[in-house]
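Before any questions on how it binds or moves, here is one chain, the form predicted on its own, in structure tokens.
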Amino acid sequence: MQVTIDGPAGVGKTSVGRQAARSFSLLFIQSGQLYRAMAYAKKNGLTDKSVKLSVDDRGETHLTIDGEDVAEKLETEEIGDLASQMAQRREVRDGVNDIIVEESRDKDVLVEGRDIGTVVLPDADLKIFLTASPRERAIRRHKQLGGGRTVDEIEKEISHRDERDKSREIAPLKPAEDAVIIDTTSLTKNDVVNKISDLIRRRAANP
């Protein structure tokens, strides 16, 4: 089974996607981390080819750059913003998409991103699109960052990134025509995971 979860930045795709994937023994792939890895590579003078995604014997994915695990270094706002800018370039998107398609081939996967259901895996068995208000997403992000910047500042950045993602010529952010849309603004993480789990169970029962 192939499941896609798309949506804007800060909507919770990663946390709920990882939990749902684990519950159904699906390989979990984060396209956002691949774009961040591409951005990190560029910032440090490395090529796109230095970014590698591998799967171990336990079915866990590992992302390395030039052979180094840099997961913690990819979570800065600077890298996130650079990744969003680079995602507008066709060659970068093609590189990330090729990695995802190759790792998803003949596997049960859950892939999260912004254009997975519309572009990368258009024939996926189940497509989900998560959304939430910019304010709510800014509040969540503020809690993750632990202070430093105000919710208003983060909300402004999120709104700017949304506009850039929605208006780009290549693979703009939008739900697939057959996607199930879930507004998470007033939902807890467990609420969202339960909704996604129900959708996966129903899809598995009616292949």
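Everything numeric in this text was worked out from a predicted model, so none of it was measured. Just count from 1 along the sequence shown to find any residue number.
There is another form of the same protein, the form predicted together with a small molecule; it is not shown, and what comes next is about it.
- Only one of 24-32, 58-66, 178-186, 42-50 lies within 4.5 Å of the small molecule in the predicted complex by heavy atoms, and it is 24-32.
- In the predicted complex, the small molecule sits within 4.5 Å of a heavy atom belonging to residue 114.
- Taking the partner from elsewhere, residue 134 is found to have every heavy atom lying beyond 4.5 Å of the small molecule in the predicted complex.
- Among heavy atoms of residue 142, none comes within 4.5 Å of the small molecule in the predicted complex.
- Mapping the unseen interface onto this chain, residue 87 counts among the residues with a heavy atom inside 4.5 Å of the small molecule in the predicted complex.
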